[in-house]
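The chain below stands alone and is given in structure tokens; this is the form predicted alone.
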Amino acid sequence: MTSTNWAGNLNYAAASFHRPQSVDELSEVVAAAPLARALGSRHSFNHIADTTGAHISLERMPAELTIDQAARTVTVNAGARYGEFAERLDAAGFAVHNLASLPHISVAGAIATGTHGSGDSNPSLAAAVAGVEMVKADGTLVVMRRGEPDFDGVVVALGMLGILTRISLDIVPAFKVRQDVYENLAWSSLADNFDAITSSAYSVSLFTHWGDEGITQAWRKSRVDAAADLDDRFFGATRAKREMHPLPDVSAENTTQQLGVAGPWWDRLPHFRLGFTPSNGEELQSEYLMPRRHALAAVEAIRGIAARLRPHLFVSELRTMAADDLWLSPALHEDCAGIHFTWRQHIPEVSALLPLVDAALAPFDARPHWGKVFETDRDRLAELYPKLPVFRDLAARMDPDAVFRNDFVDRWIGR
């Protein structure tokens, strides 16, 4: 039985643990459970995946990769990790539009929490979902497809509506990417050129420790088939001459290949390689997405409290992403900028800082990532999600006995 999350900062309270090997077996487990939650790659840092009932892992469900070239979709088993099917998809000539920084995460968990990669034109991973199959609380199997009523509420659903079994994702022709890292981008350059910087490549990630040095590393992931400015200078930053890890003085052996060497999308869009554990897990993470028009003001707000944050912080990452229409997505109806915090596992200190961070970002309509630690005012959170009442009604219809609820969703979503 898996009793802790990946980071080890919390213990799960599940009374039982199940690894069904078929949809029929999964249906039997769910129908018999008074409370149940799916447990994916355990990469959430809060209790979103917890339950006092049955924990259900999909890791033993049959693997699937079915490509529908006419519909331009691929259907995979919901428990699949992106890195497990991406290479096979590439071999067939296709790709998904984007990946998160870790290829280790499960598809179902990523879409349920609105997880994303980076890129001005790239929406969240959940935006690629074209259809889902799930087991409801009574054990029945339902299939829902994009365009059907309530579909936009089903995708980013925090695990509240059922246990996903199969997911269909939009696909695009396979492409190659080169990754170039630049060092020491000044705050003034970021302020003067934010749009040009974030649009300079297919995916751009900016790492900072919030010191006077500004952006310590800018990671540009450029499609090889698209023109890009790849000079040795990048708005005053200089091209790195060696492979880099986002953390100083940490070996780059587990990061995806850099120095402009072209490679397949699945081996460049993530920051870390599937074959390596990206860290020892002893960390915490927070992230806030705000409308990109507020990005620079939000950065300045965090800089204003940085002295209090830095002793407890490994690194921060700034990214951008395109809007989507999913009811509980942090990028709902707004092109966004995200500020990500990878904290040291100083649990009491970080917990005390979370209200400070939230208050600093509140004026910019910042929505927290559902799978990471946050302390956002519940009333303000409700204001940021105008479809929340409609989602509550959907959850009540699909799970009238509250089988898939837990303390986390009761606190932040309500009934």
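Residue numbers run from 1 along the displayed sequence. Computed from a prediction, not measured in an experiment: that's the story for all the values here.
Omitted here: the form predicted together with a small molecule. The next part is about that form.
Contact residue in the model of the complex, from L326, A218, A108, C336 (heavy atom within 4.5 Å of the small molecule): Result of the distance check: A108.
Residue (of A100, M244, L89, A137) lying close to the small molecule in the model of the complex, criterion heavy atoms within 4.5 Å: Of the candidates A100, M244, L89, A137, A100 is the one lying within 4.5 Å of the small molecule in the model of the complex.
Interface stretch in the model of the complex with the small molecule - options 347 to 355, 386 to 394, 27 to 35, 371 to 379, non-hydrogen atom within 4.5 Å: Residues of 371 to 379 come within 4.5 Å of the partner.
Non-hydrogen atom contact M61 with the small molecule in the model of the complex at 4.5 angstroms: No, M61 is distant from the partner.
Residue contact check: R178 to the small molecule in the model of the complex, 4.5 Å heavy atom: R178: no, not in contact with the small molecule in the model of the complex.
Heavy atom of R319 within 4.5 Å of the small molecule in the model of the complex: Yes, R319 sits close enough to the small molecule in the model of the complex that at least one of its heavy atoms falls within 4.5 Å.
Heavy atom of T255 within 4.5 Å of the small molecule in the model of the complex: Judged by the heavy-atom cut-off of 4.5 Å, T255 is well away from the small molecule in the model of the complex.
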